[in-house]
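Single chain ahead, by itself, as structure tokens, in the form predicted alone.
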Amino acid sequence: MDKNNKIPFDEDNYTHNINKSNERKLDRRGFMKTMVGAAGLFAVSTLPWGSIAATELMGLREKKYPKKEIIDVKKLNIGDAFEFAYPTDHDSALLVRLGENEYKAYQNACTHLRCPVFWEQSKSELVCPCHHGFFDVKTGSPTAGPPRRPLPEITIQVEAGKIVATGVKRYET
């Protein structure tokens, strides 16, 4: 370059308008190396999150749920339902007493768009009022409407006259 920061000869590779120093260092090859390096760095940095997600989605690890007392057996009549929170305070659930010693509990969110599900005792079914989805109370399977997946079931047991939630069954396809 001359003292005016110009190339002193004719150049036909269209780089004669480059006036800044170090501007020629980032050519196509340099750019591709930078992109491959950035992609590699991104892949390595997201690897732990990917393995956690794969473990969770494939069900390779058994989740631990706390035991939680729901209600006293004497307070729930046959045919009645009781709403509670499980496994966290933010997860709504619904317990239905079907018989003398028969109980079913499900997470209270429709598998279509997560609207709350209600117990309709006269028809013995769980109803999602948002899009008219219906679920079988004994299995949690959808019987009508847009939901295609069953409601996640909460495992329960009776201990010393109280109904206790012990876990959530995994969704099975």
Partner chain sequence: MKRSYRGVILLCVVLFLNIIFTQKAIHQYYFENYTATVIYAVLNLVLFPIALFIYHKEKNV
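As the structure is a prediction and not an experimental result, all values here were calculated from the model. Residue numbers count along the first chain shown, from 1. What we label the rigid core is the largest C-alpha set whose atoms superpose within 1.5 Å from one form to the other.
Heads up, the form predicted in complex with the partner chain isn't pictured, but that's what we're talking about next.
_Among the candidates 66, 40, 129, 59, the residue which, in the model of the complex, approaches the partner chain to within 4.5 Å (heavy atoms)_ = Partner contact (heavy atom, 4.5 Å) among the options: 40.
*Hey, in the model of the complex, does residue 149 get a heavy atom within 4.5 angstroms of the partner chain?*
Within the cut-off, so yes.
*According to a 4.5 angstroms non-hydrogen atom cut-off, is residue 50 in contact with the partner chain in the model of the complex?*
Residue 50 belongs to the contact set for the partner chain.
*Is residue 29 a contact residue for the partner chain in the model of the complex, using a 4.5 Å heavy atom cut-off?*
Contact with the partner chain, yes.
*According to a 4.5 angstroms non-hydrogen atom cut-off, is residue 113 in contact with the partner chain in the model of the complex?*
Contact check for residue 113: no, nothing within 4.5 Å of the partner chain in the model of the complex.
_Interface stretch in the model of the complex with the partner chain - options 117-125, 66-74, 130-138, 51-59, non-hydrogen atom within 4.5 Å_ = One stretch meets the cut-off, namely 51-59.
*Look at residue 33 and decide if its Cα position differs by 2 Å or more between the shown form and the other one after superposing on the rigid core.*
Yes.
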